[in-house]
Structures are given as structure tokens and as C-alpha cells.
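Below, in C-alpha cells: the form predicted alone, a single chain.
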């Protein structure tokens, strides 16, 4: 079993891991500005692994396996429609990588239960999804599983939206603790140098990855309160047609603040102008609202809807082409995922074996056939 430097690849590129959970039939604008844009820009510069976390989807959809499968297919189609290239990157289906499950169990021993439950992203999801105390034991476990999703591939960067940053911090904690406990990394070595060749006292298996936040850290949903989400009914999907996009934009309520009599500069309509209109035009619109004069909200919404539809039109066309042609629909997706699983298992199994060596429970490396 070879043991290359943790972030090196055969192409000599540093590595990235990020992904999506198939809890809906496709991705929305929040995913696009929060992460997909970054993936497009980085896929030629980095050795990219894009993961469909279909096992994590069972935390809330355990009784709907057919939905999870359909959602998985839809998200991969959206990736392709956006422009992610399975020949330049590796598409990974989580359920096909058994090393992730084993690493999840090992990492669970390194995280105090109370620390997992204090994860702000986890707490927010419990609240926004109205889970109360009814969520399964596996729901908080997925936060640990995300650490395994990432560290199985030993990446340097994880492109995510701001709401996922807490998960990356937990992952950094796990990587650092594993390196110190099982690899003998000196606790005075900075986290970012744990797996850096030539650093005194650094012999870590896992690089300690950093989050790379998207151009828009957190895109609010159409309600202007919560982040964009299918479950909250406040999302514009990448596959929405022109009329659906404009209809959703038109429903945004624009009311002035009672005290100032001005539309707040934090209003979701202005956030969308910043995200999807040219910077100079967005600045002009903000100034119009700040001045307190009469603004034709309908005209602004029409301009915004047109800009979003211009962005989405080529994506929708590519997805429609896949849906219309059997050879480019589900069959293409399955072929891409099978090819991705073969490469992903090679790397994840190496990571698992090296982790077992460090933990002194290794017997022999195994090969996962595809």
C-alpha cells in the first residue's frame, strides 16, 4: 500500500472535497452562490471530489428510500447542468464507500457527545425542520459522519456555504486530535502543519482542512428570514422555468421599516440584487432605496427575475437534454457514479488502512471491487 503525502495526488494537485445531501429533487440558488460557483472555478486547479451524501439523507427520509434515490439522480443531473465535469473531477456516492462508515465510528470516539449537540448548524436544523425530540439517534451522528466524508479523502479545502462552517470546525478538531493521539504529532505544531512534510513534530495522517466560503456566504430564502431551503418552501431551484422564477420573485414582500420608513438595506430583495445583478447596478438600487423616494418594486423584481433566468437558462437546457435522452439520463448518472466509486474507494481504503495502522488494528489492506 503506497503512502503518498496526505494531500498529493497523481496529478500533483491539492485536493478538495465537498458535496450535497439529496433531500430534494435538485439544487437551488443558495447552493449555486454558496458552493457550486466555487466548484466550477476550482475543478481544473484542484483534484476535486464531489460527494452525494445519500446515507445522511436517511436521517430525515428513512421512510422514503425511493425519494432519496430520485433526489440523488436529480442532484447529479444538476451538477452536470451547472458544468461540473466528471472527467476532471470525481463524483462520489457516499453509500458506495464503506470506509466512510468505519471512519465515522472511529471519529465518534474522539468527539464528546455534548460538543456534537452544541454544533450550531445541527441545532438550527433541528429547529427549522421542527424535529423537536423526535429525531433519530442517527441525526446527530451525521455531524460526525461529515467529518469522515471529508477526511476519508484527505483534502486541503472544503468549499461550503457559511451555514456549514461549524461542521468544518468539528472536522478540524477530529483531524487534529487523531493526528496527536495516534500519529504522535506534537501538540505545539499548528493545525495547518500537521501533515506538512518537513515540519518538526508533524507526522499526521490527516491534513486539517479549511472551509472555503462561497461568494455569497448565506443566501436568504424568499421569506427573507431563513436560509434558502426546499423544506421551508422558500427556494428558487436551478430547474425552475422562467415563469416559476419570476412568480417566486414577485411574491417577495417589500415593506418599509416602521421606525425609519425606509426599506432596510438588509432586505432580501437587495441581497438578491447584490448576488445576481452587476455590482454597479446593485449599488444604484441600494442607493434608491436608501434615499427613501418612490421605487417601482415591480420593475426591480422584473429586472432581477430576468437576470436570474439568464443565469439559469443554459443549465435548464442541459438538464432538459439529459431528461429527454435515455442515453444521457439516469444511465449516464449511474455510469458516472460507478466510475467515481472505483477511484474514490482506492483513496478512501488507503486512508482507512493508514488510520488502522496508526491505531494499531491493521491486519492487511483490502480491495473494494466495482
Ligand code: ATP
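Numbering follows the first chain given and starts at 1. Computed from a predicted structure; not experimentally measured.
Keep in mind the form predicted in complex with the named molecule is missing from the figure; the text below concerns it.
Item checked: Proximity to the named molecule in the model of the complex (heavy atom, within 4.5 Å), stretch among 258 to 266, 185 to 193, 149 to 157, 225 to 233 -> Heavy atoms within 4.5 Å of the named molecule in the model of the complex occur in 225 to 233.
Margin query: Is it the case in the model of the complex that 20, 31 and 125 each bring at least one heavy atom within 4.5 Å of the named molecule?
Written below: Heavy-atom distance to the named molecule in the model of the complex: all three under 4.5 Å.
Next item on the list: Could you spot which one of 129, 118, 297, 247 gets a heavy atom to within 4.5 Å of the named molecule in the model of the complex?
Entry: Contact residue from the list: 129.
Next item on the list: State the residue from 217, 254, 290, 181 whose non-hydrogen atoms include one within 4.5 Å of the named molecule in the model of the complex.
Entry: Of 217, 254, 290, 181, the residue with a heavy atom within 4.5 Å of the named molecule in the model of the complex is 217.
Check: Quick one: is residue 96 in contact with the named molecule in the model of the complex, heavy atoms, 4.5 Å cut-off?
Finding: Outside the cut-off, so no.
Margin query: I'd like to know whether residue 54 contacts the named molecule in the model of the complex, with contact meaning heavy atoms within 4.5 angstroms.
Written below: Flag for residue 54 set to no.
Next item on the list: With heavy atoms only and a cut-off of 4.5 Å, decide whether residue 164 touches the named molecule in the model of the complex.
Entry: Result yes; residue 164 sits at the interface with the named molecule in the model of the complex.
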